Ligand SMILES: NC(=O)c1ccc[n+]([C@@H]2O[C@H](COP(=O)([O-])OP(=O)(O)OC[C@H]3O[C@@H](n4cnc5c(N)ncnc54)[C@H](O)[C@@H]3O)[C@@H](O)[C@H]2O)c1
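Single chain ahead, written as structure tokens, the form predicted on its own.
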């Protein structure tokens, strides 16, 4: 899969899945903009992935702000070149029983997870249409496909991202742009560790629900993104793909809370 010479932007790339996606894309020869709302994390990611010889750029910015998103894309294209791939990976979640969840928590999950994907996609598409091509990969979650307790705003926001991806794919297909949706299952990341601690659960409890017997690694998701960014995937669009070891087919309706 040839990615060399193309430009990617990965949001929420200061750590975890986003950072690993950026790492694999850079290793494949792409110039990569690494966005994070934490400016220090974005700068560290840019420096880390540039050190082996990659062309990477840390891009601080809040994906919920249209002005910051537009500024981020302008800088990306000025310093690295025309964007070919957008990976909407930025995400947050809040955990609480539905009847105790604050309005602010609900709004924040939808602002980052869903609105952020919309604003970044809109900015990317406006640049891709005149060039007659591009790729968008939205990182949702199997939480948008299954039922989870105590994460109702996160589940609902990720479900919105999934259907947003399908609708957008049809709308931009005539312009040579593909849109696909990656749904990670449980993955060994900082966010998962925090979720487990909040639920008082051991990682072994989570893994027991995964038919493959173990959690995903961030690089499992990165490999799918690399494929979807490639010419080999030019006719793949509107797809919702779970990378979860069969978890979404087997997970009980509720976990211990």
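What you are looking at is a predicted structure, and each value in this text was computed from that prediction instead of being measured. Residue numbers count along the first chain shown, from 1.
Beyond what is shown, the protein has a form predicted in complex with the named molecule; the following relates to that form.
Enquirer: So which stretch, 134 to 142, 78 to 86, 96 to 104, 172 to 180, is the one near the named molecule in the predicted complex (non-hydrogen atoms, 4.5 Å)?
Expert: After filtering at 4.5 Å, what remains is 134 to 142.
Enquirer: Just one of 226, 49, 63, 31 has a heavy atom within 4.5 angstroms of the named molecule in the predicted complex, so which one?
Expert: Partner contact (heavy atom, 4.5 Å) among the options: 63.
Enquirer: At the 4.5 Å heavy atom threshold, is residue 37 in contact with the named molecule in the predicted complex?
Expert: So residue 37 counts as contacting the named molecule.
Enquirer: If we define contact as a non-hydrogen atom of the residue within 4.5 angstroms of the partner, is residue 208 a contact of the named molecule in the predicted complex?
Expert: Although the named molecule is absent here, residue 208 would stay clear of it in the predicted complex, with no heavy atoms inside 4.5 Å.
Enquirer: Using 4.5 Å between non-hydrogen atoms, is residue 192 touching the named molecule in the predicted complex?
Expert: Answer yes; at least one heavy atom of residue 192 falls within 4.5 Å of the named molecule in the predicted complex.
Enquirer: Indicate whether residue 16 is a 4.5 Å heavy atom neighbour of the named molecule in the predicted complex.
Expert: Although the named molecule is absent here, residue 16 would touch it in the predicted complex, with heavy atoms inside 4.5 Å.
Enquirer: Check each residue of 97 to 132 against the named molecule in the predicted complex and list those with a heavy atom within 4.5 Å, in sequence order.
Expert: Those in contact are 108, 112.
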